[in-house]
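Each of the two blocks below gives one form of the same protein chain as structure tokens; they are labelled structure 1 and structure 2.
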Structure 1
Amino acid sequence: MNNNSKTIHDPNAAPTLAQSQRQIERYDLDVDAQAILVAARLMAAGAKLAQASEIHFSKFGLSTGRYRLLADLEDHGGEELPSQLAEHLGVTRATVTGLIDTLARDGLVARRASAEDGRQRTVVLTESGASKLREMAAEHFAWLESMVGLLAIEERSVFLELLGRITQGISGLANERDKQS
């Protein structure tokens, strides 16, 4: 607190309710200003978190995406197909190819040809990659935990439940575009 670099603008309070109300009144719309505020704050929080995350992982020579790939690999016996990784991480196969390229260059994963299907290329976690995850574990999980440190246990459950419903709302929006009756 006590930031007051000068005029307001605590990034935690951006955008403000007043701002949302002004926007709505300008066009005389029939929407709830608080709903708009929730949506806008969530977007701001997401962007901020993504940025903080990249900084966090860069300390270990990783990016958010590359860490997620390693962790998913570890959680699936250290061996997966690129297409499985893409689905688990929620990114495209093209993105996975790029992530693997960098991780393989750094020796954290390796590509192996599949005996069963010549099109497939298995991705395996190397000893070096497993070691990297071990090194990071304590600090990384402490980092994640401290993010929600200001919430009481029961508040975390509540937040999780509400966030889940908002996520559903987002999915609904996304599907609205290409719904083929």
Structure 2
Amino acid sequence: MNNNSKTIHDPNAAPTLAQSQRQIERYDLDVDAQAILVAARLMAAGAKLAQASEIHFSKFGLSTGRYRLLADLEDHGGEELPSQLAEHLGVTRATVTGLIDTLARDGLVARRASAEDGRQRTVVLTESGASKLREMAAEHFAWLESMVGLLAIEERSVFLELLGRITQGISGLANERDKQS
């Protein structure tokens, strides 16, 4: 794809290319208006996805973060250190502690002494937590599939490639911020 590709006009999408161009001119910047538009639309889509995800997971008595923690535990044999969870989820240890506290209160995870180092406490997926994941799997994966249902298989492949490259750019921005701290 190139920058001259046809653009599908969505009247509900904001901002428009014309708005981006006006802002760039207003501030006398030397940047690509289409790049700004793509980034702004990506941010808007991310916000909409975050909102839709919270609504979706609330049907199961979870939040997006709590679901991700349960799924990560399941993917890693049902037991991990809080520091591993934080790393895998890309959040702080304090955030993980809050997620664990809520999930433990609900009986979906438990804390126990590490078999490798008794001074450390691991987080364990309970049978109730595993059952929750099994019970919601069909509806959850159908929801995920419906999100990209308008894309052909080939388009999904291209989209995955593009998302990977965008994610690299986002990671670069996050690394820049960390260096400034």
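Heads up, when I say rigid core I mean the largest set of C-alphas that superpose within 1.5 Å between the two forms. Predicted model only: the values in this text are computed from it and were never measured. One-based numbering along structure 1's sequence throughout.
Working note: structure 2 is the copy from the form predicted alone; the remaining copy is not. With the core held fixed, Ala35 shows a CA shift below 2 Å between structures 1 and 2.
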